[in-house]
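In the block that follows, a single chain appears as structure tokens, in the form predicted alone.
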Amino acid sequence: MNIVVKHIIRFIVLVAAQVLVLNQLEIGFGIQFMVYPLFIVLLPFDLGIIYMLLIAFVMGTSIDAISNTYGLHTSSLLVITYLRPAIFKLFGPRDGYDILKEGNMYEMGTRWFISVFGLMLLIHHLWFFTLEIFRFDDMLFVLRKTLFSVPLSFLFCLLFQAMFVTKPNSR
């Protein structure tokens, strides 16, 4: 399958899952499941920052328009997209990234994925909830929402990868 078609399908599936299913779930304690940041990690390593920011803007705006959240998802997605090269460089392999690979847990390894995606998801959620609350006197509430939402969102992203991302040896 063409790599562009594969990413377009991922884009549509993640936006639909977020908007139609995950935004409708209410568990309590301010927990929100967000799987769409996974799309940014799964983009090719050699994609330029301008293209990634444009893709993140379109994805975030799509989710915001349907969810009526006034730019929260767009802003959060743009922040992690902008920080993606620095985070990838921080956790990069000694020999650099193979441009033919993508940042999934099968090709890059579990330790790399937990470190990189965990940090990106933490930044995303912290930014999202800080903008959502927008009061510094409620920072403990923001931290609580973040610390409860990040592990569960991470598990949903692992489940998504297990279901929809192909393992390298099965190609």
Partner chain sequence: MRNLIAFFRRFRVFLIFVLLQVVALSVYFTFLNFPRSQYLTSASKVSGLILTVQNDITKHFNLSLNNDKLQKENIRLRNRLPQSFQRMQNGWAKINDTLFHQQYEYIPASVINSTSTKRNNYFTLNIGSKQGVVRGMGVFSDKGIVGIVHTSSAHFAVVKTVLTENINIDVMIEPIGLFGLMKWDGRDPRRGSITGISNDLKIKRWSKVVTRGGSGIFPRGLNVGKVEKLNPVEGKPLWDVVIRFSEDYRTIQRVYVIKNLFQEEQNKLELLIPEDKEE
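Nothing here was measured: the structure is a model prediction, and the numbers come from that model. Numbering follows the first chain given and starts at 1.
There is another form of this protein, the form predicted together with its partner chain, and it is not shown here; the text below is about that form.
Each of Gln32, Ala65 and Lys145 is positioned with at least one heavy atom within 4.5 Å of its partner chain in the model of the complex. Picking from 39-47, 101-109, 118-126, 23-31 the stretch near its partner chain in the model of the complex, with a 4.5 Å limit on heavy atoms, gives 23-31. Taking non-hydrogen atoms only, Gly71 approaches its partner chain to within 4.5 angstroms in the model of the complex. Residue contact with its partner chain in the model of the complex: Val19 places a heavy atom within 4.5 Å of it. Put simply, Ile114 is far from its partner chain in the model of the complex: not one heavy atom of it is within 4.5 Å. Contact between Tyr82 and its partner chain in the model of the complex is found at the 4.5 Å heavy atom cutoff.
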